[in-house]
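So this first bit is one chain, no partners, the form predicted on its own, shown in structure tokens.
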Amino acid sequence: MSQIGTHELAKYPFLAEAGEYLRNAGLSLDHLGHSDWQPIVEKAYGRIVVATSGQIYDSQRFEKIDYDADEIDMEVLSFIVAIILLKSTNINTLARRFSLSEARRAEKHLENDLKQNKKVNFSLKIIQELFSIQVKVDNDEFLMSVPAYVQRAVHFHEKEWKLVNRRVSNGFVYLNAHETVRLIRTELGEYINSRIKSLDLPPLPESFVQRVNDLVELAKKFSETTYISSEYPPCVKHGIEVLEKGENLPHSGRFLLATYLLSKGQTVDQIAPLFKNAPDYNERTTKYQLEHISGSSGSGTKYQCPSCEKLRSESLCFATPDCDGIINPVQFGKKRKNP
């Protein structure tokens, strides 16, 4: 992406241009390991800690338009040091949590930039170049092709995301700024995580080592192992295994786990710990969502486990011969009665 300004790099430090910024500043890893740069290391460590708590780093300043020169250095360099620390730990759970938190941060900045006429083209260029999605502008609305929209919206269960509830014209779905960037959150998180995985790590400065050790200790609280019953259908087993690895299970996969386990008589309090390893885990939010799905939050609507056909359409079906004859995961292990 050519001609990116330093103000944009402070908001989107995961872009490839951040490496060029580092080179132009004449900085190397050895420089950053010097005691004069220790505040950068501490900020990078704090950035990761915030992410592991399920919060969004720098969440108080999304309405501020620009960063000053010192802030630009701090934002870009702390991100670079953070991914170096994460690569050094080689702990997937931490990397996933950080990637999702940074994706949510970038999402906020993208949303604000989409609302500003002078920055809308740059924001759309990020979306196009990173994810090959062409988004058109029509006054204050954004148009995404139906195939691109469906590919992403299929993972959301809220009614407003269903295509039948959207304004569609000439093969394009109309969206506001928030909806446009929300659709790419998962892909953005995966992109940031790929930057961590692909990092070619040189020997660490001594000043980095202690914070790496601190992160290893921090990761231990996310290392709970979940018992996977042999009676669970393969789609449910797969979802639990994804969470156990600290990877991001899409909303539709979490919905499957919640509705299936609720149908088997488990309570919200029994199910909630299952999601503790999720990159975006937040205890309060998890409990609220589970209570909503169970119908105990006051809505009165108890959601049912999705059908096998629905799961196949969302790439969540991992059928084995034991699944023959069933049309819903709750029937797994039971002999289907003839009509």
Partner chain sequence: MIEKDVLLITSAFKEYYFNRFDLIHVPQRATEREFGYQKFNSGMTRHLVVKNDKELHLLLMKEVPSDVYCSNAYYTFPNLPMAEKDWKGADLIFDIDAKDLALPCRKDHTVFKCSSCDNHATEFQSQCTKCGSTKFETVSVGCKNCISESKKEVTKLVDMMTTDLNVSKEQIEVYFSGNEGFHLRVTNADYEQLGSQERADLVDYLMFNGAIPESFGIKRQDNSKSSLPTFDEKGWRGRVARKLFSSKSKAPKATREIIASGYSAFQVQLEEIKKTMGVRVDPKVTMDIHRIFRLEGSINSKSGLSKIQCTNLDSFDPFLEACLLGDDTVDIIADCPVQIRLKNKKFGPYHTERVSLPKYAAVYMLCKGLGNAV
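Superpose the two forms; the largest set of C-alphas matching within 1.5 Å is the rigid core. Residue numbers count along the first chain shown, from 1. Quantities reported herein were computed from a predicted structural model and do not represent experimental measurements.
Another form exists, predicted in complex with the partner chain; not displayed. Remarks below refer to it.
Proximity of His178, Gly325 and Ile327 to the partner chain in the predicted bound form is absent: no residue of the three has a non-hydrogen atom within 4.5 angstroms. Of the heavy atoms in Gln151, some are within 4.5 Å of the partner chain in the predicted bound form. None of the heavy atoms of Leu130 is located within 4.5 Å of the partner chain in the predicted bound form. The partner chain is not shown here, and in the predicted bound form it never comes within 4.5 Å of any heavy atom of Glu217.
Within 4.5 Å of any heavy atom of the partner chain in the predicted bound form lies no heavy atom of His251.
Taking Glu160, Asp269, Glu206, Asp140 one by one, only a single residue has any non-hydrogen atom within 4.5 Å of the partner chain in the predicted bound form, and it is Glu160. This chain is drawn without the partner chain; in the predicted bound form, the residue among Lys43, Arg312, His292, Lys276 with a heavy atom within 4.5 Å of it is Arg312.
Heavy atoms within 4.5 Å of the partner chain in the predicted bound form are found in exactly one of 119-127, 255-263, 170-178, 185-193, that being 170-178.
Superposition on the rigid core between this form and the one not shown places the CA atom of Gln38 less than 2 Å from its counterpart. Remark: with the core as the superposition reference, the CA shift of Leu316 between this form and the one not shown reaches 2 Å or more. Comparing the forms between this form and the one not shown on their rigid core, the Cα displacement of His109 stays under 2 Å.
The Cα-Cα distance between Arg96 and Lys310 is lengthened by 3 Å or more in the predicted bound form relative to the form shown here. One change in the predicted bound form concerns Phe318 and Gln151, whose Cα atoms lie at least 3 Å closer than in this form.
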